[in-house]
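A single chain comes next, written as structure tokens; it is the form predicted alone.
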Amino acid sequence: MPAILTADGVGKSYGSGSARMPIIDGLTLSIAKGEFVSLVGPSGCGKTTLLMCLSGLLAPSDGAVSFKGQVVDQPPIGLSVVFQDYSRSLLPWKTNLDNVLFGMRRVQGMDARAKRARAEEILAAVGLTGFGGHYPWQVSGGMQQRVAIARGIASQSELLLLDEPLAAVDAQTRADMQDLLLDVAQRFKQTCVLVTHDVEEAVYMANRVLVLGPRPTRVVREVVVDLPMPRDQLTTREAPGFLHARHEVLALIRGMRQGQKLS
């Protein structure tokens, strides 16, 4: 599969001179169309900063990010971000349906009726049939995150960047949302990049896990998750391939925390 997103020698620093703080240094990666890739690493290594650079919301200090072969210097059409703090990303004065429609404002070739039908279809796909007329503050946190995900999907983005989107929900909702994300990504043919601090989540959802090193961060290891889709919370998590990948990623991160050199 051809690459839909690449980072070539990307660096990001804040400040200057003796106050310069490097966050990312010479990071290179490539995401193929149709992949689901997870990014994990030690706490504070720069995962979210990297995601902001990949999305065009933050300009790298060095190197370049390309989306579909074009250098990213602002958020490009065809790429959407779902943030961790969904309560701030949703517009509280708009209904859930209107929040999803807001994500479709740059979609071409659809009239208002077609956009509404598409938005309702996607709300149904994320389990929110009957809640389109509610406002975000009238539904639970888990439902609000489903609206945020629906909005990202509805934008018809080819690439969805997910910044720890499930960190604030309870364990059962989190498992349900993991399966939902995998299902809708396949149904709507979206490429996904997930930033998460949860190693089991990273392995469960991804085709590949990219392990980031300590700050200034770079990709230190690629772990291929050789497990079939669709996945199941019980059988997948008990599969030898899952346990092997989980062990490899955890060992890497634990080693970095203990200051071990990476081979």
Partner chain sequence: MTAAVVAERLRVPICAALVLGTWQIVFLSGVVPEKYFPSILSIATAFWQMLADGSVLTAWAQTFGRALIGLVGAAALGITLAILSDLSPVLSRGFRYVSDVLQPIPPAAFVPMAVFMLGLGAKLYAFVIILVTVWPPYLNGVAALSGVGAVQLNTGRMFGLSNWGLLWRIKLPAALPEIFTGIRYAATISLIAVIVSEMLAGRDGIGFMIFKKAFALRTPEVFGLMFLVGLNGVLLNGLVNLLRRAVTGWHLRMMERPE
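Residue numbers count along the first chain shown, from 1. Bear in mind the structure is a predicted one, so any value in this text is a computation, not a measurement.
What follows is about the form predicted together with its partner chain, which we do not show.
Trainee: Does its partner chain come within 4.5 Å of any heavy atom of Gly56 in the predicted complex?
Mentor: Because a heavy atom of Gly56 falls inside 4.5 Å of its partner chain in the predicted complex, the answer is yes.
Trainee: If you check in the predicted complex, is Gln190 within 4.5 Å of its partner chain, heavy atoms only?
Mentor: Gln190: no, not in contact with its partner chain in the predicted complex.
Trainee: Any of the heavy atoms of Met52 lying within 4.5 Å of its partner chain in the predicted complex?
Mentor: It does: once its partner chain is placed as it appears in the predicted complex, Met52 has a heavy atom within 4.5 Å of it.
Trainee: Is there a heavy atom of Arg151 lying 4.5 Å or less from a heavy atom of its partner chain in the predicted complex?
Mentor: Because a heavy atom of Arg151 falls inside 4.5 Å of its partner chain in the predicted complex, the answer is yes.
Trainee: Only one of 56-64, 27-35, 228-236, 195-203 gets a heavy atom within 4.5 Å of its partner chain in the predicted complex; which is it?
Mentor: Checking each option against the 4.5 Å cut-off leaves 56-64.
Trainee: Spell it out for me: taking its partner chain in the predicted complex, does every residue among Pro75, Pro92 and Gly103 have a heavy atom no farther than 4.5 Å from it?
Mentor: Answer is yes for this spot.
Trainee: Scan 168-190 and write down, in order along the chain, each residue with a heavy atom lying within 4.5 Å of its partner chain in the predicted complex.
Mentor: Read in sequence order, no residue approaches its partner chain (within 4.5 Å, in the predicted complex).
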